[in-house]
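A single chain, nothing else alongside it, follows as structure tokens in the form predicted on its own.
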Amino acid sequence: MNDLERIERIKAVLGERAAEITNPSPQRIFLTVPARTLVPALEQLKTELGYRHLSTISGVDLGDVFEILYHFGYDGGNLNIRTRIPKADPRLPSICAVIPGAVLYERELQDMFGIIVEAIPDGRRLVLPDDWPDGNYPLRKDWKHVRAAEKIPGGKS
């Protein structure tokens, strides 16, 4: 199936849930879905079109909003599903009911961006240490790293 046929099938299955769909290069499709319809859209893509292999989830801090990208692999190509949420209220539904392996990526979004993933089956920290200060999210643009003063044994005070 070529890209145009794949795009038409996605549009036919998702209807209005497909807010935008682009094909910037061969075998690379970007689909934008509103966050409120993310889970049902992924359920349809999985059951009706066979998109089951979630490669990863990535996040981008765009200032006032976060963009979350769900990267699905298929027969030599990639379907990248975008959704955006406001930074002021960073809430996102968990997709683990549809793709159980997403839990690790969702835990990473929580750690690194402070995104609240609702109904995540395991919300423990994944990347950061347990004693990491609350409210410090290293992949946010507004995060400032404060390095502790380094003490060199036998060095000048």
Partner chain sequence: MKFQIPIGPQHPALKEPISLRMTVEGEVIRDADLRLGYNHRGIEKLAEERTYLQNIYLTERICGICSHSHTTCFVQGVEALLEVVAPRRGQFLRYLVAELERVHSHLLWLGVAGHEAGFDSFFMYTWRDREVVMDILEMISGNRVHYAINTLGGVRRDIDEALRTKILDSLGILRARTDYYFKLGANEPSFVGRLAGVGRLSKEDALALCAVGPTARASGVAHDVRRDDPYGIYGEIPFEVCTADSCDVLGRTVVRIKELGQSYNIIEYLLRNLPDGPVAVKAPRRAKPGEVVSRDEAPRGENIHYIKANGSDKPERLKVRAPTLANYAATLARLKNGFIADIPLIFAAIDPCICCAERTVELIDGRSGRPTVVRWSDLRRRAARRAGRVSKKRNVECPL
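Positions refer to the first chain, counted from 1. Just so it is clear, the structure is predicted and the values come from calculations on it, not from any experiment.
Keep in mind that the form predicted in complex with the partner chain is missing from the display, and what follows is about it.
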Would you check, heavy atoms only and a 4.5 Å threshold, whether L139 touches the partner chain in the predicted bound form? yes
Would L126 count as touching the partner chain in the predicted bound form under a 4.5 Å heavy atom rule? yes
So in the predicted bound form, is the partner chain close enough to E150 to count as touching (4.5 Å, heavy atoms)? yes
Is there a heavy atom of G59 lying 4.5 Å or less from a heavy atom of the partner chain in the predicted bound form? yes
Under the 4.5 Å heavy atom criterion, name the residues of 93-119 that approach the partner chain in the predicted bound form, in sequence order. I99, P100, G101, L104, Y105, E108, M112, F113
